[in-house]
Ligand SMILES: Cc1cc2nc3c(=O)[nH]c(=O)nc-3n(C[C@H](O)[C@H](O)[C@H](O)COP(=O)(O)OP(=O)(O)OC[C@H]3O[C@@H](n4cnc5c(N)ncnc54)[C@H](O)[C@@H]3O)c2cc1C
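A lone chain, given as structure tokens: the form predicted alone.
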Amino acid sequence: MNRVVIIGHGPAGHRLAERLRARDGSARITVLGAREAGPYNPALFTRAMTAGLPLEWMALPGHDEDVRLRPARVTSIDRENRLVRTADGAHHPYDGLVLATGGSGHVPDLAGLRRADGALDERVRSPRSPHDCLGLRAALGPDTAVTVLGGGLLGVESAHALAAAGHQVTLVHRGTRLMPRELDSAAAEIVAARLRANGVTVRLGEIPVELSSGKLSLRGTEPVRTDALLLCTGTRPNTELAAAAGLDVAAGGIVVDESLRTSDPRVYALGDCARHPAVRRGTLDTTWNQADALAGILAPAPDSGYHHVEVTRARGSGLEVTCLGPPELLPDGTPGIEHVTFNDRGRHRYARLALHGERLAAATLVGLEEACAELTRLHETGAPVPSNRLGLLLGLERRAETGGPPVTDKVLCHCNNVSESTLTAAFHAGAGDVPALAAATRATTGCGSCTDSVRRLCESLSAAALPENSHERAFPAEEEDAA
């Protein structure tokens, strides 16, 4: 598959082109639909809302010059002749074709959301658009009331981030519990309590009726003051191009098999536009993992393939929520499963583990920073769970193994829930710089916002490891760059 054409240049298409170029320098990679600006890292969009992070800081890195970026819109796929046609009249032949067309934010049928010309009202924003996030940031004043519509993962993250930045936030959700796809009732109650403690007004079981001047009306109850409305109401996969090409398409997206192949063995799909049999809910982590695996499949690499690891994380300092594995293993009575539950409502901490023998089959974790990092590692590697399960949840097990004191540990990488102690242990095990720490712990490989903190920790550990009278600098090049 020397000629690979990728349709779409969002996070999925960008990551695939990057990884494929790194694996196979001879591959002829063409990306269609690339825009002059972007693509951007979605993990940083909430920071754009709350801190005004500029567009250039959210931009994903540029590609090798050998990756051909074409902004033209794709009009059709000729599977018989293996050609992609674009609106500028060009034909792009392929040996392997990848659909990375993403998804579009769902706009509910709610009175007042659209103007007479069909465009969204200027008060309505989407946290999936970096421009909308920056626009909301510019519109926020000391008395601006923001309503977040939708209580899924994105709604919870957005409400938490806005409230943590000091804004007046109300979260309105039709369901009776937050993040219903990921959390059981007990975990959802603790997340709701955490949001309320952070200043978010949480209104569950409420049905919005109309957005009007200064308020969002709800069915049968008091309206919510609303100066800005943030839509966190789900996505719809962009499958029109695949359907027109005769590929199998279902309600959840373009149907793919375990190796991300569509009904045409020369055509693949990944990310928000794809429906994989093992993926219950697509996340950014899932998209990047699929891109990494597909690069190996297309290159190819020995034993390459895609193995889905179910991981969902709510990003944001002070909002530590991690869900591992299929949620259907967590209810009581699941055959062959032992359950371990820890519930500390007063401190907003909760855990429920599903164990199959000594291995972790699934878990829900809230407010347990160290446990999130360690259990994610156990889930991904299949290593046995320590017998001291309470110690594992409270972060005591690893300290006992290392002989370290029971000190408060800080999570530096919230995307991957990597704590300072985990990074310190990896450093002493031989990971002596930031790239090595990233390879050992996955810190900095998510949104990248923790890179400076990880670098400072690495510098501190390196300086402490130098002989007492040594005047050698640990990171001379980085210090010169910073200067």
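Computed from a prediction, not measured in an experiment: that's the story for all the values here. Numbers for residues come from their place in the sequence shown, where the first is 1. If you superpose the two forms and keep the largest set of C-alpha atoms that fall within 1.5 Å, you have the rigid core.
Missing here is the form predicted in complex with this ligand; even so, the following discussion is about that form.
Task: Segment that reaches this ligand in the model of the complex - one of 327-335, 373-381, 187-195, 120-128, heavy atoms within 4.5 Å - done: That would be stretch 120-128.
- [ ] Using heavy atoms only and a 4.5 Å cut-off, determine which of A48, A438, I29, L32 is in contact with this ligand in the model of the complex.
- [x] Of the listed residues, the single hit is L32.
TODO: Report yes if any heavy atom of G96 sits within 4.5 Å of a heavy atom of this ligand in the model of the complex; otherwise report no.
DONE: No.
Open item on the list: Within 4.5 Å, heavy atoms only: does L171 come near this ligand in the model of the complex?
Closed with: Contact with this ligand, no.
Open item on the list: Just checking whether R73 would be counted as a contact of this ligand in the model of the complex - the rule being heavy atoms within 4.5 angstroms.
Closed with: R73: yes, in contact with this ligand in the model of the complex.
TODO: State yes or no: in the model of the complex, is some non-hydrogen atom of P42 no more than 4.5 angstroms from a non-hydrogen atom of this ligand?
DONE: Because a heavy atom of P42 falls inside 4.5 Å of this ligand in the model of the complex, the answer is yes.
Task: Residues from 122-158 in contact with this ligand (non-hydrogen atom within 4.5 Å) in the model of the complex - done: Residues within 4.5 Å: P127, R128, L153, L154, E157.
Open item on the list: Given a core-based superposition, decide whether the C-alpha of M49 shifts by 2 Å or more between the shown form and the other one.
Closed with: No, because once the rigid core is superposed, the C-alpha of M49 moves less than 2 Å between the shown form and the other one.
- [ ] Superpose the two forms on their rigid core, then report whether the C-alpha of A87 is displaced by 2 angstroms or more between the shown form and the other one.
- [x] It does shift by 2 Å or more.
TODO: Align on the rigid core first; then say whether the Cα of A34 has moved by at least 2 Å between the shown form and the other one.
DONE: The answer is yes; the displacement is at least 2 Å.
TODO: Just say closer or farther for the C-alpha distance from A27 to A34 in the model of the complex, relative to the shown form; it changes by 3 Å or more.
DONE: Note: Cα gap between A27 and A34 widens in the model of the complex.
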